[in-house]
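One chain comes next, on its own, written as structure tokens: the form predicted on its own.
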């Protein structure tokens, strides 16, 4: 896809907003009094009269190839929706340029592009006209739009009486069925029910399969993983990361969780210790992938334990937690009938091996502990850093969403009874 011509070309894009600015009310006696009181309040503080600005976007340079499906992720307020508004020509950039090649359809907010006094039927034709379609072209797609929205009985009702979910149903149905070259979709899909969200994702995938370009903003990482082949991570209005979706989302999830994990750090407080974990890595991993799992081959985790005083009898444990903090696997040094460990002072590698670790893509937490047998004394309780990043390609059909936590290949044999 790298050789495909760009559908979107962004150069040095930035958007600045003024915050704390005052707009006069005026026009009425009540407004006049409000303006006078506000002026007195603002005059009491010279600082409040100084204009303040915030950059919602800054220095964005990017080419989006035709036919690609790009996800945009990031925390609230980092500029995701602002970027889509600029691309949709709803707002102008403060600096830089954004060039789009082709017809654009967008679904950014509930009710965007609808006229409340018009019926659903009339708004379909209105949106088609805004998108540059003739009435005959809308006529050809009309039945598909109505069937997808499942709002046939409400077509002749003014949309001002629609619920937010009904708005989204009709808005997405129109945007996705008018043959756009570029489809821009914001988090607004979250308003719909699960069945509708699934159909929307399938429709966006269908649009992408026909060589069109999709830009999808969402906080639902499952949807991003399923639909997008590449993802942009925005932070403070700038591109923090851009690359294959599995890798970018895993890094985003890892940092968003802040390395936090259930429980505390136990006996690691203080400088004095008898035994302490120092580091971990995937045993035998190539350079740059020491903490990354990218296949379903046997895997072993090497944990380095620093022992300062001889341990006559001890045992260790390791656990893996998913991004939500749920325990999904645990092992111990005495698994398989192995007895207690006798360790002299020095550094020791404890290597836990598994036939495979079939996890869906994401960032996982490793927790390691080590005990002295006498009195079951905890010597170290460690949340390993960095986290384990799983970036496996889905083993299931690409149209299927991840269900559960396992990425386990499934065999099939057909026999005649």
Ligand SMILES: Nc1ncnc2c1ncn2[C@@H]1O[C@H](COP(=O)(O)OP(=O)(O)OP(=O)(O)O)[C@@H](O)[C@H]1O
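Residue numbers count along the first chain shown, from 1. Quantities reported herein were computed from a predicted structural model and do not represent experimental measurements.
What comes next is about the form predicted in complex with the ligand, which is not displayed.
- Proximity to the ligand in the model of the complex, defined as a heavy atom within 4.5 Å, singles out one entry of 197, 82, 123, 149, which is 82.
- This chain lacks the partner; the member of 75, 274, 302, 141 within 4.5 angstroms of the ligand in the model of the complex by a non-hydrogen atom is 75.
- Between 53 to 61, 379 to 387, 365 to 373, 351 to 359, the stretch whose residues reach within 4.5 angstroms of the ligand in the model of the complex through a non-hydrogen atom is 53 to 61.
- Within this chain, residue 240 is remote from the site of the ligand in the model of the complex, having no heavy atom within 4.5 Å.
- Heavy atoms of residue 115 never reach within 4.5 Å of the ligand in the model of the complex, leaving it off the interface.
- Taking the partner from elsewhere, residue 219 is found to have a heavy atom lying within 4.5 Å of the ligand in the model of the complex.
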